[in-house]
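The chain below stands alone, shown as structure tokens; this is the form predicted alone.
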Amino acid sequence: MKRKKLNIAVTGLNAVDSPGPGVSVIRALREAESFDVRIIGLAYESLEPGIYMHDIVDKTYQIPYPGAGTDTLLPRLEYIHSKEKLDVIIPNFDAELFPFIKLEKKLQAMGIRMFLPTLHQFEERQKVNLSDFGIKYGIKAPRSRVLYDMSTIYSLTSEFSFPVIVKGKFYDASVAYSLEQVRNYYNKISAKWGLPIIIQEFIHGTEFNVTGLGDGKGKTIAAIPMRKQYITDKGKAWGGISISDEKMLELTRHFLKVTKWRGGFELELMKNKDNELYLLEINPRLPAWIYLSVGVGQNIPEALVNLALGKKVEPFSEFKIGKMFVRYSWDMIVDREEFEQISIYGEL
């Protein structure tokens, strides 16, 4: 029986030291068993490697940065849809989710489906709200404080002992061992991502991640715990292994049940010496290591697409333990004409 071909647009084609999830999502979609795909890349910059991976991405269009707002993004998506007849869009960056969530109903009226958290879910799990989120839903989370003014740094010693974590509102996190380091990271991160800056209690222990998928009604469709095996200087996993940990799975199922989370996610967890789990962060989209889900037997991007299309998706019941991912990079040779094409015309 011939599988239906879907036109799926995917963002996050970059591959810096904190790579976007786009290429991993696409690899998973190309191994889907329930449909075939034509992949439309949505890029922000001309040097995103996924643009030039023609065995991965069929065609790429540049789109405006999230800060340009929905009034700029919508006409561009309308143009792309007129050319490609998109079925589904999968946004993969935290910073772009807000405009896509705002546009969800308009895109659905055009025949384009997404499966994203609600605006309330997206805002409630923001880093600035994480302490309150933990209290509300009965999940242990580190104490945190939100800074809008550098002068307030000097009052931190009355609330926190060093080290502390200094985080940006979207990305970047660094461990600071003194007020001087807090000030340096405050300047560096706020210059890149703006204010506020979040100061978070440092929890000693071992870091784990869980990726998964919620159906929006409280049910867990998928959940895969992973232990980082190799970490970059930005704290990103460059290698990891699927593990069996019932406490992590219980926490994940609880999170999905009480919040009725809709869509993909990644929980960043820390297990301390007493085996207590602390929730460090909730990323409201699929992580860059999502291709591991295919390796362990739970193709989460495929399930997400089927949910977006309104199809019934049965929860995954098991996954393979001890499957590893090891990230690598290689140099692609690209014709200058292709770079000029995407830079000048915004299409390739």
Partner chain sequence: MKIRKNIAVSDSGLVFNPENGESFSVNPIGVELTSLMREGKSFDEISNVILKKYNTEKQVFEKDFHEFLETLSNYGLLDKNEKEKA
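Remember, predicted model here, so these are calculated numbers, not experimental data. Numbering follows the first chain given and starts at 1.
There is another form of this protein, the form predicted together with the partner chain, and it is not shown here; the text below is about that form.
query: So in the predicted bound form, does Asp245 come within 4.5 Å of the partner chain, heavy atom to heavy atom?
result: Close contact exists here: in the predicted bound form, Asp245 approaches the partner chain to within 4.5 Å, heavy atoms only.
- prompt: Quick one: is Gly322 in contact with the partner chain in the predicted bound form, heavy atoms, 4.5 Å cut-off?
  reply: Gly322: contacts the partner chain in the predicted bound form.
4.5 Å heavy atom contact, Phe208 and the partner chain in the predicted bound form: Because a heavy atom of Phe208 falls inside 4.5 Å of the partner chain in the predicted bound form, the answer is yes.
Partner proximity in the predicted bound form: Ile241 to the partner chain, non-hydrogen atom cutoff 4.5 Å: Ile241 belongs to the contact set for the partner chain.
Listed range touching the partner chain, judged in the predicted bound form by heavy atoms within 4.5 Å, from 292-300, 277-285, 33-41, 314-322: Stretch with heavy atoms near the partner: 314-322.
Among the candidates Ser131, Gln229, Gln126, Thr152, the residue which, in the predicted bound form, approaches the partner chain to within 4.5 Å (heavy atoms): The option sitting close enough to the partner is Gln229.
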